[in-house]
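Given as structure tokens, the chain that follows is alone and in the form predicted on its own.
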Amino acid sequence: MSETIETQVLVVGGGPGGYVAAIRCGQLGLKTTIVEADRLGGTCLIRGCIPSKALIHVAGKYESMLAHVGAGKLGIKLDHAPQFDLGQAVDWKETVVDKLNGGVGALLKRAKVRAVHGKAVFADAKNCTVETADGDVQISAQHVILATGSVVAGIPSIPFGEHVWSSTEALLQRELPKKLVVIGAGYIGMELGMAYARMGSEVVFVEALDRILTLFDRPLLKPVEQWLKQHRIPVHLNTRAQRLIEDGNGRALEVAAADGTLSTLPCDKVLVAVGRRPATQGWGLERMAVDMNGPFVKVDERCHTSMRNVWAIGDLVGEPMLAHKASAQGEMVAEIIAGQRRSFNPVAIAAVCFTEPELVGCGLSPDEAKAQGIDVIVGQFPFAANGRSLAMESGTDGGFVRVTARADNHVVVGIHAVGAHVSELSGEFALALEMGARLEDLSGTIHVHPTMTETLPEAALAALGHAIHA
């Protein structure tokens, strides 16, 4: 049976951008409908950020327990090595996902947002048909917020299948592969590859560029590279994956070095992690008459497209493809539709990579600042001199906090860190930049002792030339 819905706001996509936009619209008294073809929460919650961090947590816990076998560590001894069951770990991970998925549904219901489950296909900018389990639903809206997100990018010569995974399949496996080759040494490949290595797989990375994790500058990468060396995990740089070979000798990935030399890497499975692309296909975007910016939907500083009352947010509109950016844009668009004056102009958006150790980048690196003609001073403080880090066994991985500020007025333009648990400092970094903090603000703010946050004022003091503890 078909149904017709007329709504003030139609949100397409139930990810961190879409559901936040819908909730805020509901809070502002707008009649709102959200359409999601999969489960509420989107890629981040269902098959990305949250499940990957859950498995990374499992991997870390298992690896730490192994250190207590035999002679023991910290006075804790285990007579036998712990047993690891990936299937049970995945089951636990799904309980986390299910809880958050249910929470999103409850929040939408509380905001009086109607959720329609199915695929939306647009006939024009304001009208779509949703194919649901109970039949087609016709939806007509005054405003449309496009939040379709992104999908994994693949390699045509190495199609996804039983033995070739995307990040989605990597988070659903119930058995560990003995040998795993990861194509791509960006944040997705590194996070998942390291997790599998810590769980017991033999992991090899293949990267077409001349370095790993290009989002971060080289000084930050040294502790990560050191971890890879200590765990004897090969990283083949300047190397391109060619094809998967299966013959009487087993399965292997054929790769080509920069000089064209071909070689093979034995493997049981291959994880392709070469990035993501905006989800623009299969739902009628071409019939909405919106301008494009390359592969992305073109928007202005309010996330408004070239079509009146059609908005786009999140991965659909370009880099950085981060959930927290999408959420911020979704909240902003809802308030604009409700009549408020808003624009999307953050000073900086922090990015985190949950590798070993973790990486945080917020604002400009020293080299980026200099490239913009900014004369800077830089202060750095090691976690090896931080009591809380040492007490948590996390101060010996070469990690540090680095503050970059203008030389003339000491306004902070960038804060970066590498080390265990540094993701939890990212909010303070972003807040400092957004509030226009100066080095004196950071150094003059009394931070709790003993905490890892003490490294931030110490780094600021180092930039001013008088660090206390280093």
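Note that the coordinates shown come from a computational prediction; the quantities given were computed from them, not determined experimentally. Residue positions are given as counts along the sequence shown, with the first one as 1.
Below: the form predicted together with a small molecule, not depicted.
Stretch-level contact check against the small molecule in the model of the complex with heavy atoms at 4.5 Å: of 367 to 375, 352 to 360, 95 to 103, 303 to 311, the positive one is 352 to 360. At the 4.5 Å threshold, heavy atoms of Pro346 stay clear of the small molecule in the model of the complex, well away from it. Proximity of Val203 to the small molecule in the model of the complex: non-hydrogen atoms within 4.5 Å are absent; the residue sits far from the partner. Contact check for Trp283: every heavy atom lies farther than 4.5 Å from the small molecule in the model of the complex.
Looking at Glu393, you'd find every heavy atom of it more than 4.5 angstroms from the small molecule in the model of the complex. The single contact residue among Arg251, Arg240, Arg198, Arg114, judged by any heavy atom lying within 4.5 Å of the small molecule in the model of the complex, is Arg240.
With the partner removed from view, the residue among Gly379, Gly149, Gly184, Gly399 that has a non-hydrogen atom within 4.5 Å of the small molecule in the model of the complex turns out to be Gly184.
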